[in-house]
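Presented below, as structure tokens, is a lone chain in the form predicted alone.
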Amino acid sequence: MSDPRLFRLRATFIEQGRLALLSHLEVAHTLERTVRRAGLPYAVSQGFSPHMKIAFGAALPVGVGSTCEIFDLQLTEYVALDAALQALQKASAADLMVQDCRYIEPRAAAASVAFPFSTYRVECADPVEEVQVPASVTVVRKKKPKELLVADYLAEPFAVDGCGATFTLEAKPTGSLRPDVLCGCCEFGSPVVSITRIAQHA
């Protein structure tokens, strides 16, 4: 539970280019170093292994980019939003750049669960006329194959536009369907060049 005496800053950042190949843990470590370089008064947990009070949104699969990733940072002092953003941007890598920040209520839902819907953009090498989506996909969980019904996770169907398409997936408490896994089972009629998360919403 968040400490109501602390200031909770929610930052939005991009993850693109070569840095889209980082794992979620590597991104987390990089952003922790970014916060330290920015000189923000971040809160630290208590106990035998104190660490920065920073929490991240839902993890991206390796290789999937994003224009709307989120992390929540707890501060011990209030910092003006413009000053916080400027400090974070100065300390950020170009392909992992903080775009925006705002304060949220101490007891607001964590970024990892606050936005169960994610919209993705698929870019292909050539124009796409239609997308053939399978009824189900098979994934491996806990070393066992499991069949997932696409309709249970696909909140908005593929909308074709030029050399690509957009679609929305819902993350459920029981699990989710990875966008790269779904796209790997779809037929676009053209090689997939990139997949990018372009929005997260409730």
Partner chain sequence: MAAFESLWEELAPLVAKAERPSRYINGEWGCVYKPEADFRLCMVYPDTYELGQANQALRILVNRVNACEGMAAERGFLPAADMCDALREAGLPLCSIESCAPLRAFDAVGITLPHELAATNILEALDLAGIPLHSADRGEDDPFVIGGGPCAFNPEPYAPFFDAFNVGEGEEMLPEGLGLIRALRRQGAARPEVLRALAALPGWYVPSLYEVLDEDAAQQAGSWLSPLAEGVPPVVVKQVYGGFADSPAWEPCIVPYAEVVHDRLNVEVLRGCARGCRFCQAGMMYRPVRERSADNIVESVMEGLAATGYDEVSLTSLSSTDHSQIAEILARLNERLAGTGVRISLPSQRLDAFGVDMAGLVAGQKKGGLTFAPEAGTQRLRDAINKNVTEEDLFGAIDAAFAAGWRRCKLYFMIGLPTETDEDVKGIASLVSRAYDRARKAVPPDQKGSVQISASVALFVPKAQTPFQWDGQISPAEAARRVSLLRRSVKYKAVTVNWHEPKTSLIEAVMSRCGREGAKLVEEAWRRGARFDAWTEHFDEQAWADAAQAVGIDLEAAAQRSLPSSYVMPWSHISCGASSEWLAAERARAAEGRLTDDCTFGPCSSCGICFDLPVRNQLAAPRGKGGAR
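Numbering follows the first chain given and starts at 1. Predicted, not measured: the structure shown is a model, and the values here were computed from it.
Beyond what is shown, the protein has a form predicted in complex with the partner chain; the following relates to that form.
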Exercise for review: Kindly indicate whether V160, G162 and G175 are, all three, within 4.5 angstroms of the partner chain in the predicted bound form, using heavy atoms.
Suggested key: no
Point to revise | in the predicted bound form, segment of 40-48, 142-150, 64-72, 165-173 with a heavy atom within 4.5 Å of the partner chain | key: 40-48
Review point. Is V181 close to the partner chain in the predicted bound form, meaning a heavy atom pair under 4.5 Å apart or at it?
Key: no
Practice item. Indicate whether the partner chain has at least one heavy atom within 4.5 Å of a heavy atom of V79 in the predicted bound form. Key: no
Practice item. Classify V193 as contacting or not contacting the partner chain in the predicted bound form by the rule of any non-hydrogen atom within 4.5 angstroms, answering yes or no. Key: no
Review point. Should A91 be counted as a contact of the partner chain in the predicted bound form, where contact means heavy atoms within 4.5 Å?
Key: yes
